[in-house]
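Only one chain comes next, encoded as structure tokens, the form predicted on its own.
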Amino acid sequence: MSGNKYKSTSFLKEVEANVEQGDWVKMCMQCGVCAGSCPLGNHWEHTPQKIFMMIRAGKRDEVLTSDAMWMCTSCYNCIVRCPRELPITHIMHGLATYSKRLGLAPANNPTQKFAELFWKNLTKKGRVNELKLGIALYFMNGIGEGIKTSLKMKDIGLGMLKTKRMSVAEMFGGHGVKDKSGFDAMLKKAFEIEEAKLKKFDS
């Protein structure tokens, strides 16, 4: 989807309509407390208050193709310290999800890869299989990198097996939610709501 489609539409209104709690963006007073409170603040391409300023300035492509939103680790320092109590964490994740849905999220972003692996793992049984997720993370950048990481972590893995903090049986099964059909129905409904929101904005 190109930015041209939104020439006559404010990007701020687009964010308000499609991003979780995006209507709070206009409340940012650009104090910078969020950036100063973030443990990864020095590594952001654009800090949260800059992202909010760019949204209000209509810089749609610069925002949605940025990897800034994917840097958020959900520590909630920004929310706790924001003088206006903006739900910054939720907005960051909402922007990341929206950019992904539009196909604008940056390729080969490690945080995005983790999010995709986590979601794929979770939706299989309704609960995260930590062993499978860990192995998937080791190999997310290729077989060679995965083998190197596995060898580097072998002593920790063996220690976890000995102390029964990890079970090989998890590889072949793992715990799941009791009502998997109900869990699947909930996810289906959530996707339907999201699709309806996007179609409403596009119309």
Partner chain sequence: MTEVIATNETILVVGGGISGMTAALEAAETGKQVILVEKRAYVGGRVSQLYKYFPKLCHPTCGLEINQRRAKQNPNLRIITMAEVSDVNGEAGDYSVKVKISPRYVNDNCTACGDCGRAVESEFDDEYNYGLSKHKGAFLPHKNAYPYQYAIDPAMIGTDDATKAKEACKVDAIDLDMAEENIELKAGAIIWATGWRPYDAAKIQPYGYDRYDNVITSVEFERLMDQAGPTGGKLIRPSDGKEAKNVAFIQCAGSRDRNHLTHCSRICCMASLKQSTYVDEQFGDDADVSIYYIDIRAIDRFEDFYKKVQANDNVKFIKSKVASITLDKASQNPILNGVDTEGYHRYANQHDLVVLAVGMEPSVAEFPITLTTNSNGFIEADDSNGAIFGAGCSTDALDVNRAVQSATASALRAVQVVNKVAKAEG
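Numbering follows the first chain given and starts at 1. All values derive from a computational prediction rather than experimental measurement.
FYI, the form predicted in complex with its partner chain isn't displayed, but the following is about it.
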### Query
Any of the heavy atoms of residue 130 lying within 4.5 Å of its partner chain in the predicted bound form?
no
### Query
Any of the heavy atoms of residue 41 lying within 4.5 Å of its partner chain in the predicted bound form?
yes
### Query
Any chance residue 82 has a heavy atom within 4.5 Å of its partner chain in the predicted bound form?
yes
### Query
So, in the predicted bound form, is residue 30 in contact with its partner chain at a 4.5 angstroms heavy atom limit?
yes
## Note on the structure
Contact with its partner chain in the predicted bound form, heavy atom within 4.5 Å, among 161, 53, 140, 153 goes to 53
### Query
Hey, of 143 to 151, 33 to 41, 60 to 68, 173 to 181, which bit sits against its partner chain in the predicted bound form at 4.5 Å between non-hydrogen atoms?
33 to 41
